[in-house]
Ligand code: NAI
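So this first bit is one chain, no partners, the form predicted alone, shown in structure tokens.
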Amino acid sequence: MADYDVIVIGAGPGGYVCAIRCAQLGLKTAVVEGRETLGGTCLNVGCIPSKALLHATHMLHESEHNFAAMGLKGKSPSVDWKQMLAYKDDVIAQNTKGIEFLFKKNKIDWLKGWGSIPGAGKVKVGDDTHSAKHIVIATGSASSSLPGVEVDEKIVVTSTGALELGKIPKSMVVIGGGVIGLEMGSVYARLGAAVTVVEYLDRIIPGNDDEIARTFLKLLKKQGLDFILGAAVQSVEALKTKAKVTYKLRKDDSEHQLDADCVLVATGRKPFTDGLGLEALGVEISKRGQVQTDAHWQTSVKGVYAIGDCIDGPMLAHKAEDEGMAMAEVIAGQAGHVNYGVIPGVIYTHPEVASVGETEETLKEQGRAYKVGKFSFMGNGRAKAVFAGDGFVKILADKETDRILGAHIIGPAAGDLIHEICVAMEFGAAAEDIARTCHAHPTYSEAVREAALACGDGAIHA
């Protein structure tokens, strides 16, 4: 008899959700995790702590810019950086302890330590070897760097170090104009740092709708962030208290330098599978370091599966969670499924940016006939009342059938509003279905309905 039905390696969003679903389906389950706390990158040094700092600094921004207009007079609060970090750490602790509780509730064993797979059906943790009928690799990803850039997590930092800086820098260079760079850049800009974003491409947030990206860039510039686009970073030299960034402009190959108190390297993430022994086991790995799987997340070794950031697809916690639940159902003999066409992406700046499905650019590439329904938050009473009128909702629908193909939102609560579109797309809805659904007034969600109306005869308040 095997020790377990399932051993999951990694307790991030993909791993712990997979384990809980396995336990719910009656499978004897264990999770291998080497960190002192559960939750992986997301809960410990990623999604959750960054949202805590984004919230705290947004409150500061509101007090400095909007309180007086509402009749809330007085001095803006001063920043106690140590207390802000303590608040962030408390948020992390509440979440990680919550997962420990869920493990106990579902009778999941936590095998503490770093795991390896010495053979099919075997997982080694420390000096102990455990057997399992099914092994799920959910080891996530790690920050990737650039040639010529050495990270010390003090002056030259990844997102991990950016969450724990000893003091608020007066100046910061962010390498990379993607989600992580813009979220953390926003945090420090609100705290008074002079933030410059250096991006290799001629645009920010690659992969997102072009119109959204252009609007987002303008709004971030208005908030005080500077941008150098089309720039290839050559090196970062860490000095005693500062760093020197050397970059070349791609348009003319001219070389330039920037000095900063801190440099955040936000150039993406790479699969983390170190120490698992996958090559010796015969698990196929792609050139990009991703574990190769079939349609049911099984690797080239029978009984060994992989989900989340270490396989192909967007590196998003909720994508890993979906795969974790589906993986558990497959192992239990059910029909686990993930609809990769309806996975939303969100950037938690202010305003938020959210998207799902196709963009105008991808639809043009495919040669598909589509129509666009747009509505500005300036026409939304609730948004105007709370100084959040910047941005818009854009819905893309098939020109003939009216079926929703994608949606892109920049504005207040965009990350929450996008899910109405996700549910609609999951059910194959038309834009008219949303347009004919009553939306409460006054809510931000009315902007979604108005954009759906704009796919037909036209929005009411535009």
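Since the structure is predicted, the reported quantities are computational estimates derived from the model, not experimental observations. Start at 1 with the first residue shown and count on from there.
Missing here is the form predicted in complex with the ligand; even so, the following discussion is about that form.
Out of the listed residues Ala189, Leu165, Leu146, Ala326, Leu146 is the one that sits within 4.5 Å of the ligand in the predicted bound form by at least one heavy atom. Only one of the listed residues (Gly373, Gly115, Gly181, Gly140) places a non-hydrogen atom within 4.5 angstroms of the ligand in the predicted bound form, and that residue is Gly181. The three residues Gly12, Leu38 and Asn106 each lack any heavy atom within 4.5 Å of the ligand in the predicted bound form.
Stretch 227 to 235 is the answer when you ask which of 227 to 235, 357 to 365, 75 to 83, 88 to 96 has residues with heavy atoms within 4.5 Å of the ligand in the predicted bound form. Interface membership of Gly268, defined by any non-hydrogen atom within 4.5 Å of the ligand in the predicted bound form, is confirmed. The ligand is not drawn, but in the predicted bound form it has a heavy atom within 4.5 Å of Pro206.
A residue is said to contact a partner when one of its heavy atoms sits within 4.5 Å of a partner heavy atom; Ile175 meets this definition for the ligand in the predicted bound form. At a distance threshold of 4.5 angstroms between non-hydrogen atoms, Met315 is in contact with the ligand in the predicted bound form. Taking the ligand as it sits in the predicted bound form, the stretch 193 to 219 comes within 4.5 angstroms of it through a non-hydrogen atom at Val198, Glu199, Tyr200, Leu201, Pro206.
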